[in-house]
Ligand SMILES: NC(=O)c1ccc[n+]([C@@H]2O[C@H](COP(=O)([O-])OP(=O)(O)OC[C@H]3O[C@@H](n4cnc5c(N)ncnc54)[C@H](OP(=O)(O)O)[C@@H]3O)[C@@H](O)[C@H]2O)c1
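Starting off, we have a lone chain in the form predicted alone, written out as structure tokens.
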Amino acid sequence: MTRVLVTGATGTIGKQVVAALQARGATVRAGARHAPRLEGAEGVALDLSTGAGLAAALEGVDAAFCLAPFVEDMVAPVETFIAHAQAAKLPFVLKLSAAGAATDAGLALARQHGAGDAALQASGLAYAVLRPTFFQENIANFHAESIRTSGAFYGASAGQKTAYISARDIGEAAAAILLNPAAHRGQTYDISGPEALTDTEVAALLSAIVERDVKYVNLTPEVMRSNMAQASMPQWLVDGLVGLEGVKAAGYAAATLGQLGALLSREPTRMHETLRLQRTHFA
């Protein structure tokens, strides 16, 4: 039976990778800073920022899912993972990256993902890379409270469309790759959801699901930046989040990419399906 290490196993994507692997009969070693308790999985404590626990977590696994923590420097944790994976002679690693990742990208987050991807490609390890667009679940993860309290969510996407992707679909695509690495070795998959929507259209979908009016309020990047600074967010995080809204506003996230359906062997999840599953978050 295939044994797979999943880093970041308690996050939005990691949980879905764990569940999809288990559904396919794999043995899962679930790693996070504090050993997680996930049914049917072996929880292990590891820290990609320091490397603590990583050598033990990699021992005896057939493949690993590498998810860098969302921190100011996302390259160093990937390099730490790669060094330990090389020492462990890891047979295969699947890295989660992001759409638009490139070492010369204008956005710092995209440059960091690109640098991590490049380090993996140069490592000599057998690998594949997943580069998804914005997550459908982010509506609930980041905006549920304002939707509940004020019937609105806020951003700076300027009326442009985004091909939001389901975290569950990313998890299933990752599992398909991790359990058949020979078919995906050396591949980079740019993946998106099946439709591109404006955030106003997302609000309309959500309004129908929760049966009350939900609005999307567009802010200027300057106002968004000021609001986050007033909330005492660190500068690197403010720059990153405003920059991501700029990616939307420029239309760079609007393309619907066809590789996801082939990885899933089914139709990708549409936004209204995810919102319906998360309906209780907005009540």
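Residue indices: 1-based, along the sequence shown. What you see is a predicted model, and the numbers here were worked out from it, not measured in a lab.
Only in words, not in the display: the form predicted in complex with the ligand, which the text now covers.
- Between the ligand and the residues 69, 221, 251, 43, the one pair within 4.5 Å by heavy atoms in the predicted complex involves 69.
- Residue contact with the ligand in the predicted complex: residue 133 places a heavy atom within 4.5 Å of it.
- Contact annotation for residue 22: none of its heavy atoms lies within 4.5 Å of the ligand in the predicted complex.
- In the predicted complex, residue 227 stays away from the ligand, with no heavy atom inside 4.5 Å.
- For residue 97, a non-hydrogen atom is located within 4.5 Å of the ligand in the predicted complex, even though that partner is not displayed.
- Comment: 30 to 38 is the region of 251 to 259, 30 to 38, 229 to 237, 55 to 63 lying near the ligand in the predicted complex, near meaning a non-hydrogen atom within 4.5 Å.
- Contacts between 1 to 23 and the ligand, taken as any heavy atom within 4.5 Å in the predicted complex, involve 8, 9, 10, 11, 12, 13, 14.
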